[in-house]
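To begin, one chain is listed below as structure tokens, in the form predicted on its own.
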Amino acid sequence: MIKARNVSLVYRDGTVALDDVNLDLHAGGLYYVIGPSGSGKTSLMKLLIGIEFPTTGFLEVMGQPMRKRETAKIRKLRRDIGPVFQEFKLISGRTAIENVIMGMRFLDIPMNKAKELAKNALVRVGLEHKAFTLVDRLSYGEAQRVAIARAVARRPALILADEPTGNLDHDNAVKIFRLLESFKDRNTTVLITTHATHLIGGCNADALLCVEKGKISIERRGGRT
């Protein structure tokens, strides 16, 4: 699913975001990427989705080498990736279901099928009763669940959630973590970044990827890496 060999990412200003990272993450796994703010967690996510590219080393996501010269193939790869952002990136003035449907607008899915997938995703996150509510009128936690529904409606092979609970209270944060964990299956891999390590004590992760100053160490949980 994800293979990294001696991957480093150095930004133009000389900042070393990631330093000599080696990973083998299997399909169908659940992985928490933990570490303090500024440690390199978001930089890893940017590499995995092809926003940034390794300065040195080799990175492969779902069989696709992540190189600048292969951007056309990487754009196609993104169809199988469901990103969840801390800031949601929902479209104001649109309903919950419209926002979920718009997440599939580049996938060549017929509108009737997209509506069906969107409804199913909202049911999965417990918001079917808010499908036609403007996202501006949702609570913070509800808005995050719409963002998750948008990411998972397309049934991606890889879910990347970057600090999805950063602005939520304790109870809602735990609910979001458990919701994201529920999407892990043999065909879907889930990566979640967080600095709130006190909230994941009861998580069912296969491994924790511990990031510190650009270095990543692996703490195995479920017998896989």
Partner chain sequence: MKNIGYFLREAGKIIRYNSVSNIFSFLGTGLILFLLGLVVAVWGISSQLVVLLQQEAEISAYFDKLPENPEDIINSIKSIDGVWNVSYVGAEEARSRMENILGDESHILDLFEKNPFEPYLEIRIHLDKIDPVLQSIRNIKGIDYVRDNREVLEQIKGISRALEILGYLVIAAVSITTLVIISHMIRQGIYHNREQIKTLRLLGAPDRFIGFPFVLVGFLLTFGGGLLASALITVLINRGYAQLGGAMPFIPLPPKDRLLLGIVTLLLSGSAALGILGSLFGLSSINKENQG
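Bear in mind the structure is a predicted one, so any value in this text is a computation, not a measurement. Think of the rigid core as the biggest set of C-alphas that the two forms share within 1.5 Å after superposition. Positions refer to the first chain, counted from 1.
Missing here is the form predicted together with the partner chain; even so, the following discussion is about that form.
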**Message:** residue 179 versus the partner chain, in the predicted complex: is there a non-hydrogen atom within 4.5 Å?
**Reply:** no
- Task: Please check if residue 119 has a heavy atom lying within 4.5 Å of any heavy atom of the partner chain in the predicted complex.
- Result: no
Under a 4.5 Å heavy atom criterion, is residue 138 part of the interface with the partner chain in the predicted complex? no
Counting only non-hydrogen atoms and a 4.5 angstroms cut-off, does residue 49 reach the partner chain in the predicted complex?
yes
Those residues of 51 to 84 with a non-hydrogen atom no more than 4.5 Å from the partner chain in the predicted complex are 51, 71, 75, 78, 79, 83
Query raised in the report: Does superposing the core leave residue 77 with a CA shift of 2 Å or more between this form and the one not shown?
Result: no
